[in-house]
Ligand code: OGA
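Just the one chain here, laid out as C-alpha cells, in the form predicted alone.
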Amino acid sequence: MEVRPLHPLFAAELVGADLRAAPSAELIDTVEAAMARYGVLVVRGTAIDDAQHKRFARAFGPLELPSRVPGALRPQGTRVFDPELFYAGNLDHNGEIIAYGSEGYKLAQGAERFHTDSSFHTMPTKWSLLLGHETPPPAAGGDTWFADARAAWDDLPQATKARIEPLVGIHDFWEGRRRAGLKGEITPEMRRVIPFPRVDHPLVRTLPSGRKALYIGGHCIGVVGLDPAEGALLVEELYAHATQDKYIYRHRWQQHDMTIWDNRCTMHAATPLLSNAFRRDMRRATINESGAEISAYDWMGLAEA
C-alpha cells in the first residue's frame, strides 16, 4: 500500500488497498496514520457493497446510526435502503432522479455550504466514509470540496488564537440550513421531523495528534456569551478565513471512490450537478470515537421526547 498526497497541505490517496477483504492490522494502521496526517483519504475503485462498507468503517469506530423520528416510517418505494447507512445524491425512494432545485431537493442544498457532519448533536464524532455507487461524469459537476481547518487555525494571528480558543460555538441544524439558503420559515413541524436542539461545542478543538483545528462550518451560527450579531459575525469571519482556496482540496468523483474525512478537523461542501440527466447514488457510514452504535436521537434522549 502507498499513500500519495493530493494537496500541499492535506488530503491523500491510498493505493493498493483491497476493501473487499476483512481489514487487516496493516490496513487499519495505514489508514489511521494517513488520516492523522492528511485528514482526508481517497480510495479509488473500491467496488464494495454495503456490508463491506460497514465492516471497513467499523474497524475504526462504532457506527453513528441514522436517526428516525419515533413512529415515522421511511417513505415506501422500490429502492432498498440499509438502515445503518446515510444516503446522499439525487435519487428518490423509487430510484428516480430528483430534479435539482425542486421541492424535494431543497433541504439537501444546505450541504453546498461548508459544514462538518454531526456537529449539530453531541455524539463523539470521528470520521465519515462516503462511497460513490453511481457518479456522473466529471464535467457534470457533483464534486466535493474539503477544507483543512487545522491549517486555517495554524495561520491565524496569535492575538486571534488567544481570543477565540476559550470560546464555545453554538450549533443549530435548522438555523444552519436557513443561513445556507433554505427559503421560508422554519416551522415547528420541520423541527419535529428533525428535532435537534441547539448544542454547544468548543470553537477550537485539540486533536489526538495534538494539532488544533477550528470547529465551525455551516451548522455553527454563533458564540456562547456574545451578542447574537457579534457571535454570528465572528463565526462568518472565521468561516471566510478557513474556506480560502489555499485550504481547499476539490475531489472529482469516479465510480466506486470511497472518500474518508475527519469531522473533527475538516469541513466539506457539495457542489450541484449541472444536469438532471445523471444519477448520483452516494452512501455514507459515519463513525464515532467511542460508545455504542446508536443514533444521535437515542444518544440525546430525543427519541423519547
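Being a predicted model, the structure only gives us computed values, none of them experimental. Counting begins at 1, following the sequence as shown.
Absent from the display: the form predicted in complex with the ligand. The rest refers to it.
Though the ligand is absent from this view, in the predicted bound form it lies within 4.5 Å of a heavy atom of just one residue from 221, 130, 152, 203, which is 130.
Contact annotation: of the candidates 235, 91, 164, 111, the single residue with a non-hydrogen atom within 4.5 angstroms of the ligand in the predicted bound form is 111.
Heavy atoms within 4.5 Å of the ligand in the predicted bound form belong, among the stretches 26 to 34, 45 to 53, 239 to 247, 266 to 274, to residues of 266 to 274. In the predicted bound form, the ligand sits within 4.5 Å of a heavy atom belonging to residue 144. The closest non-hydrogen atom of residue 115 lies within 4.5 Å of the ligand in the predicted bound form. Taking the partner from elsewhere, residue 38 is found to have every heavy atom lying beyond 4.5 Å of the ligand in the predicted bound form. Using a 4.5 Å cut-off on any heavy atom, the residues of 278 to 294 that reach the ligand in the predicted bound form are, in sequence order, 280, 284.
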